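Next comes just one chain, in structure tokens: the form predicted on its own.
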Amino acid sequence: MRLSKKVVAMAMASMMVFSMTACGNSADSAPATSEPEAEAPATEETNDAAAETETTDAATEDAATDAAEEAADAATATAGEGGNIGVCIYKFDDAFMTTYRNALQEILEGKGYTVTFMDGKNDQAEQNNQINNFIAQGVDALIINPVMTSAADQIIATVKDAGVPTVLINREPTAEQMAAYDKLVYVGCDARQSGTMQGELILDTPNKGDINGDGKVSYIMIQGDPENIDAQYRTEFSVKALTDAGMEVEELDLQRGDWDRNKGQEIAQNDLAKFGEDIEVIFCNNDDMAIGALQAIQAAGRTVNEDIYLVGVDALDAALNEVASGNMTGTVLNDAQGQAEGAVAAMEELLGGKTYAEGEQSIYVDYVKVTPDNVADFQ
């Protein structure tokens, strides 16, 4: 069981107080005699001495209390120093997770932690081995970006058995899965919000996505990993925002692009050749695929915001540049810095002894819509 340094410091300071008090009282505890001694008459000198003794005892106790508080404050101030943290990322060459990983490293090392990052290489078995190795090494806490959301049960069972405080990031298990371990918390964004904002970006255009005026919005959807809950929610809620607003929609195609720019380009290229000008909107679950789709759009002689709309998620630097240039309709900020800060804060609370009740284990950071009107705020 890990105790916080502040608790240990307070306990030691309390022992100091007890020790000082015991030493101060020992001189007064002379052995009893059968015959009481004659009581000396009180004098001004003896009254002054008694008062001085009481003052000295009080000062001693005050000094000990001050020492306890200072020790506790010092322990709190250095709580991050010397801790060993293991971080598992689903794969290093994901553009968004690279930004997130860099933010985590800067924050953790800035707080004095020793941190080791492992590349899961998009292989859950590989990541499972990495988690087990971190536990065997005796890390103080884990931050895990699961390769597969479906592996949450196994991951949670492993860290629970080892008693290691754990923060899950980017890919959210169900509330029921999280409830199995009270030293577990998820820090991330609610992907339903990002999907809704993508739909709102289309609704904010002059024709609400119905470029050809036929009364419906015809779109293709380039999805991330369909096993990932973020991909599922972004796919569902981007379209739901349109239908909730009373728009009729037509899905021309939905394909998985696995968050990859090259796959986004290939899917968009094939669909543009197949459906041509019938495509009015291209929804992409992330910016990397959207940038790939943009390459296909430009190669096909189409113009974003004139005869086709294109939206992504993450607000990567490359996507922000395209939004500013008018080559993307918009994107949705997936706040890597804010999530990294939240993940470290939650980790430190767990290290300090905090536990989480069922239903309180998900901490969300808001998404933000990014358009040509506000893109300069994020560059």
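Not measured: the values here are computed from a predicted model. One-based numbering along the sequence shown.
Below: the form predicted in complex with beta-D-glucopyranose (BGC), not depicted.
- Although the partner is absent here, Q127 is not a contact residue: none of its heavy atoms lies within 4.5 angstroms of beta-D-glucopyranose (BGC) in the predicted complex.
- Proximity of F237 to beta-D-glucopyranose (BGC) in the predicted complex: non-hydrogen atoms within 4.5 Å are absent; the residue sits far from the partner.
- Contact annotation: E266 falls outside 4.5 Å of beta-D-glucopyranose (BGC) in the predicted complex, judged by heavy atom distances.
- The closest heavy atom approach of D230 to beta-D-glucopyranose (BGC) in the predicted complex falls within 4.5 Å.
- The contact residue chosen from F96, Y181, Y309, F134 relative to beta-D-glucopyranose (BGC) in the predicted complex is F96, the criterion being a non-hydrogen atom within 4.5 angstroms.
- The stretch from 267 to 275, 136 to 144, 88 to 96, 241 to 249 that comes within 4.5 Å of beta-D-glucopyranose (BGC) in the predicted complex, counting heavy atoms only, is 88 to 96.
- Contacts between 258 to 281 and beta-D-glucopyranose (BGC), taken as any heavy atom within 4.5 Å in the predicted complex, involve only W259.
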